[in-house]
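Just one chain is shown here, as structure tokens, and it is the form predicted on its own.
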Amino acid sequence: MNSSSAHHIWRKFKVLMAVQFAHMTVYRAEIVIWMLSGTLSLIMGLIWMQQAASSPNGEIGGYTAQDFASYFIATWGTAQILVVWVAWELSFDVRQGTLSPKLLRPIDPFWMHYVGHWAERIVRLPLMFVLLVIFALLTGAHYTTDVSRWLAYLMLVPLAFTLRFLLEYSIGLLAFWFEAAENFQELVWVLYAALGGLLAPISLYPAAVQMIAYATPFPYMLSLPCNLLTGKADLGDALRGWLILLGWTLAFAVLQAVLWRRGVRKYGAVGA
């Protein structure tokens, strides 16, 4: 790719981001409601904090009440960045036929959805940061001051988001063959929450469940970045997790491309 092509792509990206950002600001009130409704990890944090405070030695599995607060607040913040709804949008487009005009645009619908999700993060982040500070002050949550771990966190989370986006996009593409592809999304969300560490730190699970969890990408998407910030994981864990996430991301990128090619062919064959 020469510099002219790179500049052209960058200009298209800026225009697309500006359009999607303007679109997302229209929904800023809804975004706040979505943020406040996604409090499962905070509720689980309160439960675990109470359990640790009432235990004889003041901890459970090496987690004190303050450790649980740190972990679940970090989990809530990370989960906010990983929120993806593209499966629902794509499934709707396929079923209702609204995908057709999008196919006529000079850009793959994938990129419109992907950039749109990042634009929504820009709208979401300021309030999310304020809430994180408030939650941390109220609970006494504490995080590492090691800059390298924060940098590792910033390397992991965008890749985790991209993987989750590709996973959900692939689920949305199943609408070419199934009437209610969103049902697959609900099943995947349950696995994501249970095996990703949204309900409890992975280290508290039985050994067999931990083995199953680490055979999936979910702990590396959610639990690992949070453990980095709370000092429960080191840079070696981060590097290993990043490589695993990269492998899963490439696999789902291939799967998404295959599903899209075959799905659009089927979509066109029925005259949609």
Partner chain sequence: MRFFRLLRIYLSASLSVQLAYRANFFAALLSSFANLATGLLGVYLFYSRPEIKELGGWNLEAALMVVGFFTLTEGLISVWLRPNLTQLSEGIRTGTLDFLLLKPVDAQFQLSARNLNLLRLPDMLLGFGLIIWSAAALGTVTLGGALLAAVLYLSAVAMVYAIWFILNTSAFWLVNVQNVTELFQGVFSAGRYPLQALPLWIRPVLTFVIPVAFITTIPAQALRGELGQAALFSPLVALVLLVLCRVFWLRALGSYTSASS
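Computed from a prediction, not measured in an experiment: that's the story for all the values here. Positions refer to the first chain, counted from 1.
Separately, the form predicted together with its partner chain exists; it is not shown, and the next lines address it.
The candidate site formed by E30, G61 and V190 is fully in contact with its partner chain in the predicted bound form, as each residue has a non-hydrogen atom within 4.5 angstroms of it. Just one of F178, F129, W150, W111 comes within 4.5 Å of its partner chain in the predicted bound form, counting any heavy atom, and that one is F178. Checking A200, V86, A74, L156 against its partner chain in the predicted bound form, a heavy atom within 4.5 Å turns up for just one residue: A200. In the predicted bound form, A194 approaches its partner chain with a heavy atom inside 4.5 Å. Taking the partner from elsewhere, E186 is found to have a heavy atom lying within 4.5 Å of its partner chain in the predicted bound form. In the predicted bound form, W242 stays away from its partner chain, with no heavy atom inside 4.5 Å. Its partner chain is not drawn, but in the predicted bound form it has no heavy atom within 4.5 Å of A233.
Interface residues of 44-62, taken as those with a heavy atom within 4.5 Å of its partner chain in the predicted bound form (partner not displayed): M44, L46, I47, W48, Q50, Q51, S55, P56, E59, I60, G61, in sequence order.
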